[in-house]
Structures are given as C-alpha cells and as structure tokens.
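Okay, here we've got a single chain as structure tokens, the form predicted on its own, with questions on binding and movement later.
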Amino acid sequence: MNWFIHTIGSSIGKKLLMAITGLGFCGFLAVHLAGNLTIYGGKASFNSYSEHLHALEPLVTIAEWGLLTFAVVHVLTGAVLFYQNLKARPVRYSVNKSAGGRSLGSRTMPYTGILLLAFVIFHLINFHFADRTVTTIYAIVSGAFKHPAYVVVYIIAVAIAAVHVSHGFWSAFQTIGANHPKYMPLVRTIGTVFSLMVGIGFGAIPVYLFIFV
C-alpha cells in the first residue's frame, strides 16, 4: 500500500491519474454522443433510448458513480498539478511562445477544465436531474433548445470541450507510455478527429433542435 500511495503522490503518478481518468471521459463522450444522435430519429427514437437506459438502471448507477469518482480524481489531481506548476514557476515568461509543440489546447487546459466543470454542473441540473414525472426527456431537451441563450451556451461549451480534448487525448497516451515516433502522429490525428467529432457532434444537436423542431 505504501508504494501505491508513494506512486500516486509523485508527479508521474498524478499525471497517470489524469491520463487514465481523462481517457475514461473520452470513452464516455463517445458513448454519450452515440446515444444523443438518436434524437435525429425523432421523439420516439430518443425517448426509447432514454427508456432503455432506465431499464439498465443498476448498471447505469454504477457507471454514474464511476464517472463521479473519475471526475473528483481528475479535478483534484489537475488542481494540484496546476498549483505545483505555478509554484515551480511563479513568474511567467514575458514571451509566450508555442515552442515544443504547444497548442491552444495545451496552453488552456486548466482554464477549459474549470469551464467544463461548471458546464457539467449546469448540464446535469437542466437535464439529468430534471423532473420527468409529467413529461419526457425529449420534451425537456427540445424545449430547452428553443431558447437561443441555451443554444449559444451549449455551442460554446462543446467548443471548449473540443479544445480540451484535442490536447488531452494524445497527451494521455503519451503519459501512459505510448509516446513512440512511429505511432504518435497517428494518435495525434485520432485525437484531432475525435475532438472535432465532440465539437461538431454535440454542437449540431442544439442547432438542429432550435431550427427544425
């Protein structure tokens, strides 16, 4: 147990936790997006998807607790790493260069992470914890996206998620030891494609509901 605590307490251990939980969230985003795309099939299709999830409630509950655990670990570990980086370099460089392959995603990871945490809470309150006793999830979602402000907020949020994922995806593979010159270009490409899928896939849904439903 001591070796485990020592490993987790080290900088490398914290980065491994960030990588594992981050990849877990990438998997969740892929599954969640696949389910959300059923909304293009109409009210019956999306409600059927929701009812199917409800029928799997014991498994869904376990998955939700797992995601909550991952979220706590990811947020707290990220906050600690961010603080340690600031403490190690209290004075920022006067010139912010993009040397070493730095990108918008890598430079803004802590800030996009904070914004995403706020959005997730907002999203859960509006949809996951919404009262469905006298309505359906389709009615809740389609009704919410009849308001332009909701559409704008969600588009901005998924754009931020795409930027966050664009760096986090390949960085996670690098952290777990997959940093091979032969494979990393492919991993980076997959990460870019995945981030675009997240941004466009989730972002198109509120636009579609606002215009066509």
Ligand code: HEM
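Sequential numbering from 1, following the sequence displayed. Model, not experiment: these values are computed from the prediction.
Here the subject shifts to the form predicted together with protoporphyrin IX containing FE, a form of this protein not shown in this document.
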Practice item. Pick the stretch from 164 to 172, 143 to 151, 34 to 42, 52 to 60 whose residues have a heavy atom within 4.5 Å of protoporphyrin IX containing FE in the model of the complex. Key: 164 to 172
Review point. Could you tell me if M18 has a non-hydrogen atom within 4.5 Å of protoporphyrin IX containing FE in the model of the complex?
Key: yes
**Study point:** 4.5 Å heavy atom contact, M109 and protoporphyrin IX containing FE in the model of the complex
**Key:** yes
Review point. Taking 4.5 angstroms as the cut-off for heavy atoms, does I137 touch protoporphyrin IX containing FE in the model of the complex?
Key: no
Exercise for review: Find out whether any non-hydrogen atom of I114 is located within 4.5 angstroms of protoporphyrin IX containing FE in the model of the complex, and reply yes or no.
Suggested key: yes
Exercise for review: Counting non-hydrogen atoms within 4.5 angstroms of protoporphyrin IX containing FE in the model of the complex, say which of A204, L23, M197, I190 makes the cut.
Suggested key: L23
Review point. Judged by heavy atom distances of 4.5 Å or less, which residues of 143 to 157 approach protoporphyrin IX containing FE in the model of the complex?
Key: none
